[in-house]
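As structure tokens, one chain now follows by itself in the form predicted on its own.
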């Protein structure tokens, strides 16, 4: 042999060995790097919150009624009990001169409440002052930023002319453009509640009119120990010393909507969770719960208070509850000074601080700073908790969300209001991924495998050369084209011919079985008996086409006779099933079209590679071609067929565009083939363009990618193990 040629071939072999090895290792490292990246982005969702004590030089000399921190954590504001408002930088210097909110009256503040950025100050002489406090950044000509306080007196309300002295007073401003106005609610020493409402209306001629109304709620037989007013001034809640919760609708004349004997302990504190849909309740035994109006049934129009969430309890009576202005978190503290920050929806206890005797506390509006007034002075903490609404329960379990009648698996990442409660349940997405894959595989597997059996075992060679390349070309069709066609053409067609499609699954098999009987009977005729092997499909195709046409022409009669002329309406009225135009039937056809070429090609190769000696031996022993294919060829080729099926399964799991265009992307958990779904891959494609970087939604989407990666890895690993066992069982020697 030519030594130069041999040497050159060895060199090429070695080069190919290194190239293939390096390429394989590079692929493995790339996959591992992708996994590390997506895991690294999603891990902060499960990291515990942290806090940091902030040094400052702020000292307090007068008893305070209000203490607060700006969003930039650079300024602290206080209102003392004499009504003097002061703003300090964290270096202890006043940024603006003190403002006397009492207008030099010899009075003291006895109660404060907050609604949005407004603070209501109740004086011991019965007056109510409403002051708005906010901060905004200001840039000078040199580009230096400073934080400027904005202080505005929103209103001054005179003391009540008659009635028992006041204990508490709340103020709310309606944000409804159709019914603007203000509401003041007062709790008197005699246990009665008075309501004063000012409504602003505009006449047809543009005149603005103010209407004043006042109502009195008689004293309840149990002492009212706490009140809470919704931010729109329409709902009023009270807690009593006997543990009873009371709810009034005060949008017009007060109507007692609900009376709930909720606790055996006195209710000591109430607070409206951000959005005013849920009520937080603290009791004398330290328990902290949230309540919400829930309908008793689907037909009911009224809502009754029910306990929804149970948060971490205190070790002593709850003194106060303050809602976060950013999310569904609640700041509460007890008589012993134990301060908690809990998130309502996730029921996570975010922080526990033992600060001693806490008299006042507040979160800034961004929820990143906490300030508290204790016996030792002002305590200031910087909080880092970017994902309070995430827990294993909110991601994978049922959660009772606001305005829901029961706990649900729900995905809803955004809404039109700031007080929206994010819903990040991944369970509907996992369910949708599995559901769509199952229906697609039910459609694709029989067609692909039986097609491969026919082409490899029955079709003549020249027919094989036509069919196999044609099917493999199907794999090159872009999925976006398939999604476009099935969404705009197939979905409307099936919607109008749904009964015909269902009849096809019944009549086409019946026609085929009838054809088999006729075929068996026709073997006695010479023309049929001598038909060339492999061309039987020429007779089967008209039979299948006839079954389809029969289904099409019979469907109007069946729909009129058995389903009152409207099958979808009949399903809804009798079994409660709805029909969506974008549903799993469409997905089965669309994904099946993508998956069939892969399964067919790999299965056909596996079947064709079964040693011919096995087939010939089976035929020589008297087995028919079908018996040989079923009992000999299929078991021998089962490892390859299984591998092809798993590759097709992975293709279906990861498909995005067809799901995105043809399902409606509804994250519901329903096995009905007439409904759509949302898969993990489609959810990532839909949500990621609008997800703020490093935000909760952003990281949850990366967690979806981790789960998708894990599902694919588990399926492929399991498939490889099964394939290896099949290969050993049916190995040919």
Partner chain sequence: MKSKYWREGEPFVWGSGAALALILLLILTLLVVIFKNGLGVFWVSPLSHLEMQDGSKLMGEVVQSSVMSMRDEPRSQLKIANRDLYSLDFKWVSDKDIKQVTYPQDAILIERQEYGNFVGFLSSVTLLNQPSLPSGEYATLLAGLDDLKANMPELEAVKSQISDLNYRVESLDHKLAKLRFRGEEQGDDFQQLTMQKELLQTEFQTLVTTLNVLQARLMQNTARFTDASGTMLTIPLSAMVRVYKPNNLSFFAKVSLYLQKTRELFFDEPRESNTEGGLFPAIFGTVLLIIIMAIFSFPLGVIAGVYLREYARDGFMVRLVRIAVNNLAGIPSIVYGIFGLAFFIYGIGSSIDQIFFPAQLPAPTFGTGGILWASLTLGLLTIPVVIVSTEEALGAIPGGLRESSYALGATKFQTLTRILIPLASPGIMTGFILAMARAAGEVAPLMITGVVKLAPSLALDGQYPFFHLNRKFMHLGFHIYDIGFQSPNVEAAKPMVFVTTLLLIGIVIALASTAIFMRNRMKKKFAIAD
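Residue numbers count along the first chain shown, from 1. The model shown is predicted, which means the values in this text are computed figures rather than measured ones. Throughout, rigid core stands for the largest set of C-alpha atoms superposing within 1.5 Å between the two forms.
This next part talks about the form predicted in complex with its partner chain, which is not shown.
Contact with its partner chain in the predicted complex, defined as a heavy atom within 4.5 Å, holds for exactly one of 544, 151, 577, 442, namely 544. Among the residues 572, 420, 552, 220, the one placing a heavy atom within 4.5 Å of its partner chain in the predicted complex is 552. Residues within 4.5 angstroms of its partner chain in the predicted complex, judged by any non-hydrogen atom, belong to 485-493 and to none of the other stretches in 127-135, 273-281, 485-493, 89-97. Residue contact with its partner chain in the predicted complex: residue 77 places no heavy atom within 4.5 Å of it.
The closest non-hydrogen atom of residue 520 lies within 4.5 Å of its partner chain in the predicted complex.
Its partner chain is not shown here, but in the predicted complex it comes within 4.5 Å of a heavy atom of residue 17.
By the criterion of a heavy atom within 4.5 Å, residue 654 is counted among the residues contacting its partner chain in the predicted complex. Contacts between 559-583 and its partner chain, taken as any heavy atom within 4.5 Å in the predicted complex, involve 559, 560, 565, 582. With the core held fixed between the shown form and the other one, residue 152 has its Cα displaced by under 2 Å. Core-superposed comparison between the shown form and the other one: the CA of residue 92 stays below a 2 Å shift. Once both forms are fitted on their rigid core, the CA atom of residue 456 lies 2 Å or more apart between the shown form and the other one.
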